Structure formats: C-alpha cells, structure tokens
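This document starts with two versions of one protein chain, written out as structure tokens and named structure 1 and structure 2.
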Structure 1
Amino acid sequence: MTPFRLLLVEDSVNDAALVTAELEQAGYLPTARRVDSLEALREALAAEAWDLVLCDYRLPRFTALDVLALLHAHGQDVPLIVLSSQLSEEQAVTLMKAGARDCFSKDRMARLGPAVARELEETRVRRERARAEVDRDILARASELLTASLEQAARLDQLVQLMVPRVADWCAFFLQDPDQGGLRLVALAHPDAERRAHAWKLDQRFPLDPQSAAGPAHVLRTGQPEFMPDVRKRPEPITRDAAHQRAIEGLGLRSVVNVPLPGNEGRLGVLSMGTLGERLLSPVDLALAQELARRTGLVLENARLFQEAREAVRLRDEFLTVAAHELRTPLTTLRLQLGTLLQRSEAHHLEPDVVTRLERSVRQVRRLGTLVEGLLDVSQLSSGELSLMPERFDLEELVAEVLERFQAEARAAGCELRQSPRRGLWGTWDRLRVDQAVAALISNALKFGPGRPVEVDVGRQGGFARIQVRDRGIGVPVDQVERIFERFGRAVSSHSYGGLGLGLYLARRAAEAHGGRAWAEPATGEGARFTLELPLEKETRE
C-alpha cells in the first residue's frame, strides 16, 4: 500500500467514500481530508502539505475552476484531478487549460488508480528537481557569503537567513564558548520577532547542558548529527531542568535537525534548524544542513588559523622591535669605543696585528648595526609604510661615501670597487634610506662575488636617477629575481651565505617609498646587475 496525503473537494460523503475505496483497491493508503467549501479548502491548504487534490466539478457556490485558482494563489505544486458525473468535453478542455492534470467521469473510476500513480510520480520528480534547485541556490549563496569579507557574526547571521522559510521555520548557529565551556547561541533566524527575542532570552537564562542526552550539546559532544522528524516523540527530555524543558516545549517545535560544524582540531559548534506546527523536515533537509555546516566549519577554521597567524606575526614583529632596540644601545657604545681605540692606535703605537683586529671588529660591529636597523625597519613596515625625511643632496657623492665605507670589507673580500665618473646628480630623497639601499646592493655584491670587481654606475634615465651595481659572482636564476626582494627571501641556502634576507627587501621598499623601484637581472656573461631607480624632480635636472 502506497501512502499519500489526499485532499478531497467533495460535498457528497458517499462519493468521497467511493473514491477512497477505489484508491485502496488500487493499492494506495490515502490519508484523506474532505472539504466542501472554499473556506475549508483554504484552511486545509494553509495547514498541511498535500500530495493530490481530487475534486468534483460542480459544488454548491463554486466549481473546480475556483479550486484551481485557489491552488495557484497558494503557489503549491499539488496536482488536481477532476471527477464528475456531468462533465462536457468543452468543460474538460477548459479545466485542462486552467491547470487540471486530468478529468474524467465518476462512471469510469477504473482510471483513477493509474491517474493517481502517474500524478504522484510526476509530482515526485518535479518536487525533487525543485528542491535540488533550492539546495543549489542556498549553497551557492552561502559560498558567496562565506568567501565575502564579512565579520564572523554578520556572516553567520546572513547564513541562517538563507534557510528560513525556504527549508525550515527557524535556523541557528551555536559556537563553542571557551569561557562557559559549552555552546553559545550566536545567530538565529525566525520570522516572528517576539519568538526570536524569547529564544535569545532562553539561551541566556538556560545555558545548554554539555551532558544532555539530546540536542545541540549532545551533537557537539558526540559529533553525530541528530534528526528528529517529530520532537514530540523524543523518548526523553532534552534537559533535566524542568523549567528549561517547559520553556523548550513552549517554542512549539515539531521537526529538528542538529549537525556539528567540523574543524581540524574538533567540532567548532552546531548548526540547528527546525519547523513549527505541522511542517516536517526530511532526510533531504538533513543532507543540506550537513553540507552547509561542512562549508561553514571550513571557513571558520580557516578564519581561526588566519587569526592565529596574524597574532603570531604580531608577536614576532613585537619581539623583533624589542630585541632590536635592546641591541642598538650596546652596539652603539661598542662601535664608539672601537672607533676611539682605532683613532688612538697610532698615538699608542699599537702593533699592526692589533690594528688589523680592531678594523675587523669595527666592520663586524657595523654589520651587526646594519642588521639591527634592518630588523627595526621590517617592524616599521609591518605596521605601515616607511616614513621619509627628504633633503636635497648629490646622489653620486652619497654613493662615493658608501663605497668608501665598504673599502675595507671589499679588500677583505678581494673585490675592487669601481664607480663611474662623477658628474653630479642632485635630487631630493631621504638620505638615510637611500644610503641603506645603496649599502644593501654593495654588500650583496661583495657577498656573492668575492675576488671579482664590483662596478657601480650612477646616471639618469628619463625622469629618474639610476644606480646600477654589477658584480661577477654566482648570479641570480631568472626564476629567483623577484623572490630575493621578498622579506627574508633568499635564492641560496643560509648555510652557504649569511644574512637575514632583508637588505634587498628594504632597498626595494625604500625605492618604492620614493616613487621608484628596484630590480635585479642576470648580467651578460656572469654575475648579476642590481638597479635602484629614484624619481628626479624637475629642478634637480638643471
């Protein structure tokens, strides 16, 4: 016997009994309700969902055409078959055009079984297609919301709105609350504002018991979804608190689905949805809730990991700032002391070996100072752009000063530093930042091209001043020319070449802060060429 819900629009009790008997004989078990007025029909359509409507053609004060109009007004996909002892061919055509699925005489009741079978099957297919379309639309819109740059609370609030009323009468998200050690209601959709406010109050007044045998807390603990087609048949109450249980029953729940929000390290919360009154949820609704929960859990987990990563970066930058500041003061003192000793070396007739060691120590302290300043700059860049203090100066003169500063290091590396002929190139830039950038390029060339000359050319190209540093070292692979300008970026192992990987990064950021740029390219023959380009002002070209 195939069960289905039948709405009989019939004023004759005997005819209704004959129809029901004919259906049972054809293998159906209809749950039937008979109405004989439009008011009763309207009430029946509003109260329940029906699989089929069987209607007499003419009833007191209305006809089957009025029934069809009412069905269309309700927007329900319910097939209607007209049974009548007096039905002309013209009336049948009119009914079919109006939307009736079939029309035949009560004298031919043998047709009823096959007609019902056909309509139930076609309705099932149509409803499944329509439901699949609803699910696809909800999941597509959910994906848009989940990937939108929204705050978590706003995102969850909009997600629950997608489910009401298309799938359920209410929908809610519960998330784990580390402070309370249980679940906390964070988003709720319900068409009735008064009941919605009541539900929020219930969550505040009666926190969910983590040890409850059913409901969201149970799902969170076990990780198993819960589907209750009719909560009135639940074998035991959801809570042992009598007042809480009465409050839950006062909500008028009928069907409920609770599914966990999965996370990498455990369940993040629970998605709940349900119906009120006579509306029931089905396994299809459970599947939709599980898919929505899976997508939501994935996004929440990614958001958590992103927040943790940001916090880790913040702590790292804070540590770098503190450490750099703590190192700067003793390094400054040490550099001054070594400088003083070096200046007095001749007066004190120090041994040449001691002088050499002092010079090496000064270079190493200067190198440490550069690393510390680099760490401070990285911390500053993490919280914003580089601040500049522009002043007017000769770029070629600054490059010469940097080269002079690196002479001792160049001798130690076996490199000859060569600068192109000086003609004077004035402009307005931040002297300290440009000095750091040029020093980074020179230091880089000495590190990767020992024993080979390093050529530095300063000139102008259009509206820009251009500094090019050419070495004849190991070169830069084409696929690494951008990576080496990233923060802590390296093209070779740190075991073979020291440094933090910050010099080129800071050089590029300094150039960009001026409106210029910095780049590298493999040089013709061997080695690499690094270019620093800074904008010239009109007056500086005079």
Structure 2
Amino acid sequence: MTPFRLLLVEDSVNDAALVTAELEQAGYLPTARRVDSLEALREALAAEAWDLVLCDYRLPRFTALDVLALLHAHGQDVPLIVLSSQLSEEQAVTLMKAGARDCFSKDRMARLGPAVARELEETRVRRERARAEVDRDILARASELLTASLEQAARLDQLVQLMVPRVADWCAFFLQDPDQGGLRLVALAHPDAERRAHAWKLDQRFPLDPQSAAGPAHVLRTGQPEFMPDVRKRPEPITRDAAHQRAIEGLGLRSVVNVPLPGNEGRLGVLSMGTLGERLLSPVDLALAQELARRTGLVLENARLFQEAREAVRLRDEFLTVAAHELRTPLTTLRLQLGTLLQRSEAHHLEPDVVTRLERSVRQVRRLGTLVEGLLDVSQLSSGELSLMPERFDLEELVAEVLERFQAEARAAGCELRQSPRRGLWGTWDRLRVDQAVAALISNALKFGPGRPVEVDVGRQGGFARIQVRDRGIGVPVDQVERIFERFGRAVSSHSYGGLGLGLYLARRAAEAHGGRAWAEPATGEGARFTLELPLEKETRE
C-alpha cells in the first residue's frame, strides 16, 4: 500500500467514498481530505503539502477551472485530475490547456488507479529535479560567498539567508566561543523580526548547556548530525528547564536539523535550521545542510589557520629583529677591538706571532658575522622574497672590495685571487645583497679549491652583468649542480667540509630577487665555474 496525501474537491460524500475505495483497490493508502468550497480549498493548500488533487468538474458555485486557477496562484506543484459525470470533448481540451493533468468520466473509474500512479511518479521525478536544482544553486552561491573576500560575520550572515525561505523557515550558525568554550549564535535568518530578536535574547539569557541531550550543544559534543522531523512528536522536552522550554516553544519550531561544522581538530560550531508551522524538513534537507556545513567548516578552518600563520610570522619577524640586534652588537665590538689591536700591534712592530693570531681572530669574527647574517636571511626568506634596496654602483669596484676582504683568507688557503681587468660596469642593484652573493661564491671557491688560483671574471653578456668565479678544486658532479643551490644543500659530506650550506642558496635568491640567475657548471678540466648574472637595465624589482 502506497501512502500519499490526497485533496478531494467534491461536494458529494458518496462520490468521495467511491474514489477512496477505488484507490484502495488499486493499492493506495491515501490520507484524504475533502473540501467543497474555494475557501476551504485555499485554507487546505496553505496548511499542508499535497501530493494529488482530485476534482469534480462541476460543483455548486465553481468549476474545476477555478480550482486550477487557485492551485496555480498558490504556486504549489500538485497535479490535478478532473473527474466528471459528463464532460464534452471541448471542455476536456479547455481543462487540459488550463493545466489539468488528466480528466475522465466517473463511470470509467478503472482508469483512476493507473492515472494516479503515473501522476505520483511524474510529480516525484519533477520535484526531485526541482529540488536538486535548488540544492545546486544554493551550494554554488554558498561557494561564491565563501570564497569572496568578506568579513567572517558578513559571510555567515549571507549564508543563512541563502537557506531561507527556499529550504527552511529559519537558519542559524552557532560558533564555538574561543574564550569561553560554549556555543554562541553568530548568524540568524528568520522572517519574523520579533522572533529574530527573541532568538538573540534567548542566546544571551540561556547560553546553550554543553551537557544538554539535544540541540546544537549536543551536536557539537557528539559530532553527530541531529534531525528532528517533527518537534511536536518528540516524547521528551528539549530541555529540563521549564522556562527555557517555554522560551524554545515560543520560537514555534516544527522540524529541526542541527549539523556540526567540521574542523581539522574537532568541530568549529553548528549549522542549525528548521521550519515553523506546518512545513516539515526531509532527509534531503539534512543532506544539504551537511554539505553546506562541510564547506563552511573548511573555509572557517582555513581562515583560522591563515590567522595563526600570520601571527606566527609576526612573532618570528619580531624575534628576528631582536636577535639581529643582539647578535650584531657584540660582533661589532669584537671586530672593532680586534681591528684596533691589530693596527696597534702592526704599528708597534710586535712579534709576528701576535699579528698572525690577531689576523686569525679577525677572520673568525668576520666568518661568525657571515654565518649570523646567513641564518637571519634564511629565516626571513622562508616567508617570502628578499626585499631589495637598490642603488647605483660599479660592480667591478664592489668585486674588488670583496676580493680585498678575502685576501687574508686566500693567503691562508694558499689561493691566489685574480680579477679580470677593470673597465667599470655600472648598474642599479642592492649593494649589500650583491656583496653577500659575490662573497659566497669566493668563499666557496676558496673552500673547495685550496692551493690553486681562483679567477674572477666580471663582464657583460647581453642585457646582463656577469660575475664568473672559476676554481681548480674538487669540482661539482653533474648531478649535484642544482642541489648545491638548495637550502642547506651540499654536494659533499658535512663531515669533510664545514659550513651551513646557505651561501650559494642566498646567492641564488639574491640574484633571482634582482631578476637574474645564479648557477654552477663543472668546468672543463678540473674545478668548477660559478656564475652570477644580474640585469643591467631597470628590471630590478623593489
């Protein structure tokens, strides 16, 4: 027996009984209601949702055409079949044109069963299709809203508006209060301003009890969706608090759906929606609410993570500023003190041994400085681009300065540093960054090619300035030429050669920030050749 809700427009009680009997015979179990006036019909349409209307053609004060007009005005998708004792072909055509699904004579009742079966099935398919269309539309708009750059509150507010009145009579978001832990109402769509105000007040007066056995707080605790098709049929009250229960009843709830907003670690809140009066929610509505909650949860979670990441970066930057200050200050003192001592020992012709030791100390302090700068740069780089402060200078002069600085270290490594003849090569770059990059290449060459000369060639290649550093050391295996430019990357074991593995990485990042490149090639013969390429024209990015 298939149940359905049947509205009979019929003034004859006998005929109505006949129809019901016929339908039962055909295997149906209609919940039927009979009306015999347009007023009663209007009231029945407003109060309930119907699956089928069966209508006598001629009633005392109106005809089936009036019923069709009323149905049409009401906007409900309910099929209508006309039954009549006498019906001309012309009348039948007029009825069908007006939207009747079928019409036949009361003496051919055998047709009723198949006609009802067909109409119910077609209505079901039509309604499902229309509903799927609504769901698709709501979710598409929700996705649009969720990806729009809106404040969270505005976003949730527009999301709940999407559901009302198409799916539910009211819709709300409760989010977990980050400070107090409980659930708080943050967005609400409701057609009645007074009840809307009532709901906000209710949230203030009765914060949701985390231990309650039903409702949003319960859903938050269990993570399970809650579906109450009809609150009036619930055996137990929603809350044991009588005043609270009265307040809830004051909201006029009928069907309620509560679904959790899933987050990475637990639940962020609850999406709540429901109906008032006679309208009921179905499992299809539950599914839609769950999908909407899933998408919202994802976006809220991302927003939270973004916020956290931004805060972490801020703290890190603050730390770096302090660390830089704290580390650079003692290094400055050390460098100046050692520099003074060295000058004095040279001036007073102290033992060569003392001078050598001081020179060694100066070298080590300078190296310590480079390591500190490298570490600070790397941690800054992990969150973005190097910021450049471009100025105009002669690249060859800068290279000469760097080489001068490395003289002592080169002597210690037994390397001769040779620079190509200088002609002047001007451009606009960040002096500090280029200095660091060149220093990294030289330091690398001295480290891996001790005892052999290191040649530095500065020249022009197309629109680029090129610095090439050629050593005659252990060389770079072909499969490692990229790896050595990675952060902490090295081609050799850290046990045989020290260093943090940051110099080449920073050199490449500095070149790239200028719109240039840095690369290595295993040179013909022995050793390796490293190239730093910087644009000559105004391609330097700020």
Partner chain sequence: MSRPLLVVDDDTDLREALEEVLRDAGYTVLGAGNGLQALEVLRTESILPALVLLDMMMPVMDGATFGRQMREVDAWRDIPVLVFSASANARQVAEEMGACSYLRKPVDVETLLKAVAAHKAPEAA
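Between two forms, the rigid core is defined as the largest C-alpha subset superposing within 1.5 Å. Just so we're on the same page, residue numbers count up from 1 along structure 1's sequence. Computed from a predicted model, the values in this text were never measured in an experiment.
Both panels show the same chain in isolation, but it is structure 1 that comes from the form predicted alone. Checked against the rigid-part motion between structures 1 and 2, the candidate from Gln91, His325, Glu409, Ser143 that sits at the hinge is His325. For the chain modelled as two rigid parts, C-alpha superpositions between structures 1 and 2 yield a turn of the smaller part by 14°. Here the rigid core is superposed, and Asp317 then shows its C-alpha moved by 2.4 angstrom between structures 1 and 2.
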